[in-house]
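What follows is one chain in structure tokens, specifically the form predicted alone.
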């Protein structure tokens, strides 16, 4: 009869690995209760660099001591699976718990860090062990020229680079919102403590433009201002081909003319003037029992009063304000170290890269719309992002080759 292995007898297996990982999570919870959440900004440069060197030193040491019982277990499948199970469990808790930047509640979930999982001690300790274990597994693998080793290296090094630089680089990540007036150059922002910060990068705003969608028409109750029908408000998209006919409560409407950039030329008419103070206007023909009548309607803006069409003493046909289609800033970017950088038309979802800075189109004066005198930009400083991208590229390439090689990747 085979003798059952006694717990804590070398070599350690799944039982010991699970107990150790659960103990590490428990230590993390105790640290969370006593010290509060882990402050990643303690690892800002150059401390994150020193920590990275120590981590690499540990990984190099594991190569020379790879036959020692501790490092055999540290790079074993049982310990890796236990760590992955722990990070998966913490991730599930994070997904089921509302994550908030700050929380003053003192219930058991906030005390254990469930509401700020990625900055909880339990998560950070497990994350660190995964980083060290994965690095040691990569380092101890004997190099050989075959598909299996090539796929292994690409996938594991890619994942390690993502974990290493995304984690250690978080403390050096900074985000600012910069407001720039048209015709001015700005290099100052406010930090999270509302203090003025001078950045090594400046933005000059030459112009700012907004493109708007064609507006819609709606029938409202003149006394309450509610869009009708009350239970299910209806909005009618303006047909710029002038073929659409709107029927409501026995009334018929037809668009006779439409000007997207209109300026009032008299008390009752509009003309096309392509300027920022312009607004959409439509000439609407109303068919009633007494005949036809035409009238210009417009939602107006800060410079022009709205105009609507009276249907009767209770109803009126109005134009809704135009929705923003896109907004673009013509900017010039200057850097402290390189002087003039480049000129760009900056749009939403198309950031500009300037060294380690990324500049995103953020917003404008919503009340003024096209007449906004400023544009706002989000500036993100992340010096380690390029290494994360390299890691993603290696991981993607390794996954692709694994699919291509299929069952034959061992050869």
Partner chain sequence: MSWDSFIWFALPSVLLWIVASLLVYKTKYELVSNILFLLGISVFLLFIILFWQHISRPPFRTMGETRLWYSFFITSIGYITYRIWKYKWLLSYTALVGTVFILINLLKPEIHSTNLMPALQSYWFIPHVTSYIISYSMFGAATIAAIILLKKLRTQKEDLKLENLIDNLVYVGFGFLALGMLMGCMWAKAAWGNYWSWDPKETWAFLTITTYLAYIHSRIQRINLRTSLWILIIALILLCITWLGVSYLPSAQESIHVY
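Since we're looking at a predicted model, the values are computed, not measured. Residue numbers count along the first chain shown, from 1. Definition used throughout: the rigid core is the maximal C-alpha set that superposes within 1.5 Å between two forms.
Only in words, not in the display: the form predicted in complex with its partner chain, which the text now covers.
A.B. asks: Please tell me which of 87, 307, 220, 131 lies within 4.5 Å of its partner chain in the model of the complex, judged by heavy atoms.
C.D. replies: By the 4.5 Å criterion, the partner-contacting residue is 87.
A.B. asks: Pick from 166, 189, 286, 246: which has a non-hydrogen atom within 4.5 Å of its partner chain in the model of the complex?
C.D. replies: Going through each option in turn, the one that passes is 166.
A.B. asks: If contact means a heavy atom within 4.5 Å, which one of 47-55, 372-380, 24-32, 60-68 is the stretch that engages its partner chain in the model of the complex?
C.D. replies: Heavy-atom contact with the partner occurs in 372-380.
A.B. asks: Could you confirm whether residue 175 comes within 4.5 Å of its partner chain in the model of the complex, counting heavy atoms only?
C.D. replies: The answer is yes: residue 175 has a heavy atom within 4.5 Å of its partner chain.
A.B. asks: Can any non-hydrogen atom of residue 348 be found within 4.5 angstroms of its partner chain in the model of the complex?
C.D. replies: Answer yes; at least one heavy atom of residue 348 falls within 4.5 Å of its partner chain in the model of the complex.
A.B. asks: Although the partner isn't part of this model, could you tell me whether residue 118 comes within 4.5 Å of its partner chain in the model of the complex, counting any heavy atom of the residue?
C.D. replies: Residue 118 belongs to the contact set for its partner chain.
A.B. asks: Closest heavy atom of residue 293 to its partner chain in the model of the complex, within 4.5 Å or not?
C.D. replies: Output for residue 293 is no: heavy atoms all beyond 4.5 Å of its partner chain.
A.B. asks: Counting only non-hydrogen atoms and a 4.5 Å cut-off, give the residues of 60-99 close to its partner chain in the model of the complex.
C.D. replies: The stretch 60-99, when checked against its partner chain in the model of the complex, contributes 77, 78, 81, 84, 87, 88, 91, 92, 94, 95, 96, 97, 98 at the 4.5 Å heavy-atom cut-off.
A.B. asks: When the two forms are laid on each other by their rigid core, does residue 135 show a Cα shift of 2 Å or more between this form and the one not shown?
C.D. replies: No, residue 135 moves less than 2 Å.
A.B. asks: Answer yes if the CA of residue 323 moves 2 Å or more between this form and the one not shown after aligning the rigid core, and no otherwise.
C.D. replies: True for residue 323: a C-alpha shift of 2 Å or more.
A.B. asks: Quick check on residue 217: with the core superposed, does its CA move 2 angstroms or more between this form and the one not shown?
C.D. replies: True for residue 217: a C-alpha shift of 2 Å or more.
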